[in-house]
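Let's start with one chain on its own, the form predicted alone, as structure tokens.
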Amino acid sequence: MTATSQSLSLLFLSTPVGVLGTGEGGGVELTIKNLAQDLLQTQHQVTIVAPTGSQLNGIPIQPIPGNLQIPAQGEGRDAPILLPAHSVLANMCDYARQVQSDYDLIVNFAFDWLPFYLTPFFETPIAHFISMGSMSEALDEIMAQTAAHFPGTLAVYTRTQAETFPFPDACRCLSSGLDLSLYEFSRQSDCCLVWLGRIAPEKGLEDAVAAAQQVGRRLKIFGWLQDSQYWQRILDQYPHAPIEYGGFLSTAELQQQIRRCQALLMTPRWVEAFGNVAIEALACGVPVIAYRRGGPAEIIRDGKTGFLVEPDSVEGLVKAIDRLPEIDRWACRQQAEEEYSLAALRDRFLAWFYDILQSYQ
């Protein structure tokens, strides 16, 4: 068996900020699920270490008890390193240490200081997939040390994301992908718009609501309601906006809702590492209107599969909505098929895994 056809036994260290299957983990949850499912369907073995209560159909999960970690994006650049009592992240790392000899490679998806700090204390190599842009000085520092001492073990979604860090050239860009068979193309659309994501201030939902109100289009909103106070402020600020909140849905339910929408609006206040919701929309033939900021700027073909507008410009969103008839919805689906298939994602990750294992021989 050659190095690049070796069947791998992989231990995925999930995000510690939420229970898998709830949407609390954000976009990286979809990446973990899609990648694990595809690897299991080929010749590889995958076990996911995740907080108790996590469920992903058909994927082996080792549940770990403990208190969830506070998401890094709300803490600020000078935030100290903190772990709650009975930390689920610490317990996940301890479990991984105990069973590490059973696996060829540990794949860390936890965007937190502890797994990077512990890397030198493991004998089994660790591949770190970084799911967000730069959030804090302390985390940047420990990731830079890991990149220096363990070259080739850091990967990200996009070049834009990598460039938020002091070590962009140390990051391998792997993009993302979907099981496209789960997303049904729709050539026809209703006049409604859609917004997908965690409902939290850094996602800028209020701009999408304002734009929908200006153009008089219904805006469907789906995702985990992370910040209820923020959501209430939006409701208070736009009491007459034509919005409809549908909660967090499974992939099957979500694609049924979004495929008939006229466009997806992406309004991030921060640098999105990627934006899996963009390729979910494209897979259904739904154009994407997004701020020219972060990962979406690397995904959307401006004028062909959507529009990129000036960041934080509601007027830019409105003008782009008026131009939606220019977009061929089949071109959106074609882009998803050409660039974001699950097989291509698997191959990119496997090439990275094999390179890491080769360097440890």
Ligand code: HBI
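When you see a residue number, it is the position in the sequence shown, counting from 1. Keep in mind it's a predicted model, so treat the numbers as computed, not measured.
In what follows, reference is made to the form predicted in complex with the ligand, a form of this protein that is not presented.
Practice problem: Spell out, yes or no, whether the shortest heavy atom distance between V215 and the ligand in the model of the complex is within 4.5 Å. | Solution: Close contact is absent here: in the model of the complex, V215 is far from the ligand, nothing within 4.5 Å, heavy atoms only.
Quiz item: Hey, in the model of the complex, does Q100 get a heavy atom within 4.5 angstroms of the ligand?
Solution: Flag for Q100 set to no.
Quiz item: Though only this chain appears here, would L105 touch the ligand in the model of the complex if you measure heavy atom gaps against 4.5 Å?
Solution: No, L105 stays farther than 4.5 Å from the ligand in the model of the complex.
Quiz item: Do P268 and the ligand come within 4.5 Å of each other in the model of the complex, heavy atoms counted?
Solution: No, no contact at 4.5 Å.
Quiz item: Non-hydrogen atoms within 4.5 angstroms of the ligand in the model of the complex: do K33, S176 and G275 all have one?
Solution: No, because K33, S176 and G275 lack any heavy atom that approaches the ligand to within 4.5 Å in the model of the complex.
Exercise. State the residue from A90, A72, A170, L118 whose non-hydrogen atoms include one within 4.5 Å of the ligand in the model of the complex.
Key: Checked against the cut-off, the match is A72.
Self-check item: Proximity to the ligand in the model of the complex, single hit among Q255, S131, T146, T158 (heavy atom within 4.5 Å)
Solution: Contact check passes for S131.
Practice problem: Spot the stretch among 108-116, 229-237, 183-191, 244-252 with residues whose non-hydrogen atoms come within 4.5 Å of the ligand in the model of the complex. | Solution: It is 108-116 that comes within 4.5 Å of the partner.
Quiz item: Within 163-199, which residues come within 4.5 Å of the ligand in the model of the complex, counting heavy atoms only?
Solution: Heavy-atom contacts within 4.5 Å come from R198 alone.
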